[in-house]
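In the block that follows, a single chain appears as structure tokens, in the form predicted on its own.
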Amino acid sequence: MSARDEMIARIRATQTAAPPPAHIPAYRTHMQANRETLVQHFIERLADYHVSVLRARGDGEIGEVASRQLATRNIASLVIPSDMPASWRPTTPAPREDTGLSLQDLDAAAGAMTGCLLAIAETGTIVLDSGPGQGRRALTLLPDYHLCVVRESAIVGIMPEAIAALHPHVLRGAPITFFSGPSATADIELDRVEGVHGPRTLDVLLVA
């Protein structure tokens, strides 16, 4: 037996199999809450991230509410997905469709407006998959401001619910983006800096 084999044999001789755990916890897969409670949880988490929440009673109000908020934020130029519904589109500023805009054009825009796939109440997280009304990933990363339309019906309770809902989208190779509040980091001396990897400011327009 070589010295190596002897050393490995000694290590193996000292090892014992760990006993199975006496109790395996039952992990939550759903949040037991009604729609109103889910929406309230989501709004509270957004407040933690200093996100302004706007409300619309239906698709017909989205464009009007968006126009008012964009004026409040002094957004002079806006880019949107080319397939954004007509009723969502603000009148001021006149939005520019992303029909293959260059990265320089997207970076020069003051803001972007999109929809989303779903949102998570417990964490205040919004999920995009570049599906209808969302545009490509660069559209929501380069402009400094993002106005995101979230339907109340698209809010799930906790992360496992979101992962289950995302499964078919992952299988088709969709690019999935999760974000909770505006882009921020505190890597350097724990000083929070916003706008490092994406929009510095996020507003959410909740649609009943």
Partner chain sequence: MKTFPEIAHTELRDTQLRRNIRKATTTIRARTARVTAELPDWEQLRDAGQAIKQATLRDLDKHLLQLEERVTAAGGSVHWARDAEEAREIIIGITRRHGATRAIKIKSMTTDEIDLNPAMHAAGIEPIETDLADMIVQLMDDTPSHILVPAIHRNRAEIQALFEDKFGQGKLTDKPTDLTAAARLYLREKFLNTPVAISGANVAIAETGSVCVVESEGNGRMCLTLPRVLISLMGIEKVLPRFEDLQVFLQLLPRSSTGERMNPYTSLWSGVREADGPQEFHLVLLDNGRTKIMADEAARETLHCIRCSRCLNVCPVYERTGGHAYDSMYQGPIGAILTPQLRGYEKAGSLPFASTLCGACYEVCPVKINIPRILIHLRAGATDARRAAHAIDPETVAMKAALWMFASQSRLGAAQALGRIAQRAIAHDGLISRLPGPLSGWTDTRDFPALPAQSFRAWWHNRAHPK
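Residue numbers count along the first chain shown, from 1. Throughout, rigid core stands for the largest set of C-alpha atoms superposing within 1.5 Å between the two forms. Since the model is a prediction, treat every value here as computed from it, not as a measurement.
FYI, the form predicted together with the partner chain isn't displayed, but the following is about it.
**Asked** Quick one: does residue 137 come within 4.5 Å of the partner chain in the predicted complex, counting heavy atoms only?
**Response** Residue 137 belongs to the contact set for the partner chain.
**Asked** Taking heavy atoms only, is residue 50 within 4.5 angstroms of the partner chain in the predicted complex?
**Response** So residue 50 does not count as contacting the partner chain.
**Prompt:** With the cut-off set at 4.5 Å between non-hydrogen atoms, does residue 68 touch the partner chain in the predicted complex?
**Reply:** Because no heavy atom of residue 68 falls inside 4.5 Å of the partner chain in the predicted complex, the answer is no.
**Contact flag, residue 63 vs the partner chain in the predicted complex, heavy atom cut 4.5 Å** = No.
**Request:** Could you tell me which of 55 to 63, 147 to 155, 32 to 40, 163 to 171 sits within 4.5 Å of the partner chain in the predicted complex, going by non-hydrogen atoms?
**Result:** Of the options given, it is 163 to 171.
**Asked** For the stretch 23 to 41, which residues lie within 4.5 Å of the partner chain in the predicted complex by non-hydrogen atom distance?
**Response** The stretch 23 to 41, when checked against the partner chain in the predicted complex, contributes 23, 24, 25, 26, 27, 28 at the 4.5 Å heavy-atom cut-off.
**Request:** Look at residue 171 and decide if its Cα position differs by 2 Å or more between this form and the one not shown after superposing on the rigid core.
**Result:** Residue 171 C-alpha, core-superposed: shift of less than 2 Å.
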